[in-house]
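Presented below, as structure tokens, is a lone chain in the form predicted on its own.
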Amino acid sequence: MLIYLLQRIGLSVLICVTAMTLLFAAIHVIPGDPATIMLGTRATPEVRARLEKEMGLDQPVPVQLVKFLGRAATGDLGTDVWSKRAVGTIVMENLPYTLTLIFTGLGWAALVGIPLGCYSAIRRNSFIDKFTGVISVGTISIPSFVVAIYALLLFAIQLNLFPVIGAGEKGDLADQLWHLVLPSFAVGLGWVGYLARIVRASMLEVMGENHVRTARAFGLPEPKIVLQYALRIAILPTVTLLALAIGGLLSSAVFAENIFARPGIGKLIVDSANVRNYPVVQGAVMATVALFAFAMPIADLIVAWLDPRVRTAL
């Protein structure tokens, strides 16, 4: 188990290093001089030379790469070109907003999708099952940014039920939660369908296994069979899917944060890319890559905790 965990952590570190290398290469692959791209063609040679020295662009590319990876390994993501603030500080200021949005969206999607899929499997071919299937496919097929735009127009502007933009007043938890309703609804709606379909398929498979039939033969109550013997196994693919969902929700959060003008990693990346602030873009993307890379080992540990067979195999 420990060896397996170390292997997964090592794989996550390798993914992060690969992503950092690609991010570093992206600056040099783009046609043109990075300093000229960032400052514009009207910048004087002295200003360009000063920026190149500050960012280390005047050194050979391999030396730049080694220093970049070395700084990243110590948590130093560089300095914002324009504000002169540490990129790590800027990222940490915005990361909680994105994490709150992701886990709220994923949380309400799981609370609705898992019971819906479970009920559809128990009442197979019923009206609820068929209706859930149609709704699931429908929600999956609608892009999150379309949901965000229509939710904003309908519930915030037309009906005036929710705030249009922003993340709420700092220190006012109720106001922040009120501002979170529409963005989390937009990023989580599609995952209701995914989770419902995955849980339904897993439950149908597990409900036909021997241990479930044995439990029924012993006369155990149906709710106990479903919740304790079937759902505990059927939920395993869903746990892995939830870890993968973090990556999908990170991309959805980019649209939601920009449409609702919320602070967060997605809005930070877009704003920084618009002004060619490469260090901030690199730092923000690195934070999302690390979040996604380390979510998978955590999901594997949860699966091993839920299923003793997986624990033994490790």
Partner chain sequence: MDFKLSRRTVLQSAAAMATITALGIKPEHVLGAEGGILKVRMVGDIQVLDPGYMIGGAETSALYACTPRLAVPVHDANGNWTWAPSAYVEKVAQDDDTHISFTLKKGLKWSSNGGEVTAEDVKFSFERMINSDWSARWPTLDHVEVKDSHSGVIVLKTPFVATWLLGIASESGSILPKALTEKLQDAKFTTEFPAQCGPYTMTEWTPKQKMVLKANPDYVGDKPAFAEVHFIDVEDTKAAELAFEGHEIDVTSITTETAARYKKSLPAGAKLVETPGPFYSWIGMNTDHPLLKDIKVRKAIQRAIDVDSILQGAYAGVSPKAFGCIPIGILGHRDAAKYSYNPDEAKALLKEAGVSGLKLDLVTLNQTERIAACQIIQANLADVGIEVTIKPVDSGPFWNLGLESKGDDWKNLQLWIMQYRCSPDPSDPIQWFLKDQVGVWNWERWSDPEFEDLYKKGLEEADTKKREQIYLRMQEIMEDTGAYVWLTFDPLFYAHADTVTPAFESGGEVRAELCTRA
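Keep in mind the model is a prediction, meaning the values are calculated, not measured. Residue numbers count along the first chain shown, from 1.
The form predicted in complex with its partner chain exists for this protein as well; it is not shown, and the discussion that follows is about that form.
Screening V47, L69, A26, V61 for any heavy atom within 4.5 Å of its partner chain in the predicted complex leaves a single hit, V47. Out of the listed residues S184, N94, S144, S136, N94 is the one that sits within 4.5 Å of its partner chain in the predicted complex by at least one heavy atom. Under a 4.5 angstroms non-hydrogen atom cutoff, its partner chain in the predicted complex lacks G247 among its neighbouring residues. Under a 4.5 angstroms non-hydrogen atom cutoff, its partner chain in the predicted complex has G168 among its neighbouring residues. In the predicted complex, none of the heavy atoms of K224 sits within 4.5 Å of a heavy atom of its partner chain. Of the heavy atoms in L152, some are within 4.5 Å of its partner chain in the predicted complex. Looking at 125 to 133, 152 to 160, 205 to 213, 105 to 113, the stretch with residues near its partner chain in the predicted complex, meaning non-hydrogen atoms within 4.5 angstroms, turns out to be 152 to 160. With respect to its partner chain in the predicted complex, the three residues T36, I259 and N277 uniformly fall within 4.5 angstroms at the level of their nearest heavy atom.
Contacts of stretch 59 to 91 with its partner chain in the predicted complex, defined by any heavy atom lying within 4.5 Å, are made by D80, W82, S83, K84, R85, listed in sequence order.
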